[in-house]
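Next up: a single chain in structure tokens, the form predicted on its own.
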């Protein structure tokens, strides 16, 4: 059971699946499990906690993992990149900011450079920067992103790559949670997929049981794109990015009242941090995308990877025979 694509060949994988570097949720256990199953597991470097990163790096095998960063945050503490590169990652994943200042350090260390983009303009810049893999992220994705949909963004970026940089690989992200999504992404011109929400709902993810329970009870209609959680956490996100989360009591209270939230941000930040630490899915936020409606259980990540590939193969064979 294997789907061979340019991604599997270039990165020496068994399956064309990369796990999303979800901040805090994607630790060393999840990255290791995905890589052991034949995909590429990424640690989520998030906003930059050196002690946490060092701990998670101790759970993965050199050369068999990658690490993702929020680019605008990494540029404020670039030593974190050196910390990860010292552990010999297979790839570094950069999103939400200009990767150009970091490219040479990644390439000089021998790691593949994966850049995630949300617009065609950013895809063009990623090619100019020499990205080895471009991830086209649609707005269906959980967590931060923009407005474009996966179904149209991926083939548009595929056409751009074919014209300008045929050697560059492409992965699709946003709303991909099963083999149907993987098969569809390959048909759209991608070489593989980036999977977030479905692997967030795995046994190895650093996610509390109440957050998992909230996701299992939800469907795609229950998500919302908003900035309230960033304002509440007092995170300096560029205004172009919002995040998709489960709609809950917190977003119902503050979405559309952002200026009022900013006025009480110091007090709300304390409440939000406590709720987050307690794993409270109503007082903080559950970071999942529209694919939450395709999640039917919390299972080992390796089973998810293998099941996704098996289902995709069946889909492709069935339609190839029509």
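Just so it is clear, the model here is predicted, and its values are computed rather than measured. Residue numbers count along the first chain shown, from 1.
Absent from the display: the form predicted together with another copy of the chain. The rest refers to it.
With the partner removed from view, the residue among 159, 128, 82, 108 that has a non-hydrogen atom within 4.5 Å of another copy of the chain in the model of the complex turns out to be 159.
When you look in the model of the complex, the only residue of 90, 198, 212, 148 with a non-hydrogen atom within 4.5 Å of another copy of the chain is 148.
Only one segment in the set 203-211, 74-82, 168-176, 97-105 has residues whose heavy atoms sit within 4.5 Å of another copy of the chain in the model of the complex; it is 168-176. Another copy of the chain in the model of the complex is not approached by residue 279, whose heavy atoms all lie more than 4.5 angstroms from it. Shown alone here, residue 221 lies within 4.5 Å of another copy of the chain in the model of the complex, counting heavy atoms only. The closest heavy atom approach of residue 187 to another copy of the chain in the model of the complex falls within 4.5 Å. Although the partner is absent here, residue 180 lies within 4.5 Å of another copy of the chain in the model of the complex, judged by heavy atoms. Counting a residue when any of its non-hydrogen atoms is within 4.5 Å of another copy of the chain in the model of the complex, the hits in 293-308 run 293, 294.
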